[in-house]
Ligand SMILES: NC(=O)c1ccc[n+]([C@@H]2O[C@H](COP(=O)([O-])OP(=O)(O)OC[C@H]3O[C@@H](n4cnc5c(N)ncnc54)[C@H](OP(=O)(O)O)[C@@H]3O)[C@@H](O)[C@H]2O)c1
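Below, in structure tokens: the form predicted on its own, a single chain.
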Amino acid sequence: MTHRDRRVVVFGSTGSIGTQTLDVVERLNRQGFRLAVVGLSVGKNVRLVAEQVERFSPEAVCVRSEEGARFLRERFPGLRVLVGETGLADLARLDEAELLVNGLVGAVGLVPTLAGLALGRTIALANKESLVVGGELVSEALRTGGGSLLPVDSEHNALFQCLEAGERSEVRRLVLTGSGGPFLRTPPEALERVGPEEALRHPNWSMGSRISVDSATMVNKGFEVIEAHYLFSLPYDQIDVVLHPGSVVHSLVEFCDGAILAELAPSDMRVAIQYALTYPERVDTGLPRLDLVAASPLVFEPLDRGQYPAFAAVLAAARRAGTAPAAINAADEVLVERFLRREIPFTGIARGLEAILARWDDREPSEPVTLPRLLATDAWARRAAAEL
């Protein structure tokens, strides 16, 4: 099969990445592609996935609960319905499924990533937690399984495109851009009083609740540093972050000769999604074009770690390696949910991450990272974050 004729599985098909991926698939198929959606996965929104089943006629669907599975089996008697994390792994192993779009949110995304790579599949990766939690395992699966990763996150998709201009040995540094989120101009002393409604109001992107809060704390940018480290096999000292409030320049690569290449595009995830689906070919997206004059001036600012202490906590976990990033990710998932339920203040997220990392120092031996160790750390960090 060519890149124009692929069997595709979409994980997290009812979320922001998943729904946009399916829209891109339909548009590409109207342009001569033959992308067959053979599998879908969903958490709770079984009614929306039922509509997607009617649109795309997949072979299999994975849902989180048995209740959701019963609903789909009754509505679609011939559909193969899978359940839970085991179902996610089975969905990644569907016969002839060539391209897996991983749009899941959270550590659960590691399961299908590892399962797909073990069979040599191509993963269009929007689930950064696969690399934050299990970067060492994913790297090993890439070496032994023969699969590949195509980054979907706009920043890493930009780096991927820019890196094609030179050899990896010629790279001086990667520069990830971040908007600074909704609290870029908020005084630090006022952050204790901001609520979920304000944190979810991202200035440039429309995203799910967790990633919106993570963008407000800049935890998301810390995770992206870890993701870039594993995707492009560069040390943390060669990965920088600058604030770019306009979200026009999605990331940059500086080469050893002083040249800096950047990818500029509208703030629309469908640009990056389509590039991953059509790579190495470029196809008209049908989306509005970037107006350089209207987007000017392009402003860059240093990242003030005092304004974003959660970002510093994530980078500290990254440098300690082992299971520390898994602990930080699990704690962040819990702390964000607690903030959204108004159980803790916004600033409690950063304080909680710092507390979890301090406790991790006291409990983790220096042993090889394995999936059971990652899962145990994930469970421990969730309990600890819930009790803070």
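Just count from 1 along the sequence shown to find any residue number. Everything numeric here is computed off the predicted structure, so don't read it as measured data.
Here the subject shifts to the form predicted together with this ligand, a form of this protein not shown in this document.
- Of the residues A89, M207, A316, V81, just one reaches this ligand in the predicted bound form with a heavy atom at 4.5 Å or closer; this is M207.
- None of V37, V42, A350, A330 but one reaches within 4.5 angstroms of this ligand in the predicted bound form through a heavy atom, and that residue is V42.
- Although the partner is absent here, A126 sits close enough that one of its heavy atoms falls within 4.5 Å of this ligand in the predicted bound form.
- Contact annotation for L252: none of its heavy atoms lies within 4.5 Å of this ligand in the predicted bound form.
- The closest non-hydrogen atom of L104 lies within 4.5 Å of this ligand in the predicted bound form.
- In the predicted bound form, this ligand stays beyond 4.5 Å of every heavy atom belonging to A312.
- Within 4.5 Å of this ligand in the predicted bound form, a heavy atom is found for all three of T14, R64 and V108.
- In short, of 44-52, 342-350, 316-324, 25-33 it is 44-52 that has heavy atoms within 4.5 Å of this ligand in the predicted bound form.
- Taking a 4.5 Å heavy atom cutoff to this ligand in the predicted bound form, the one contacting residue in 261-285 is M269.
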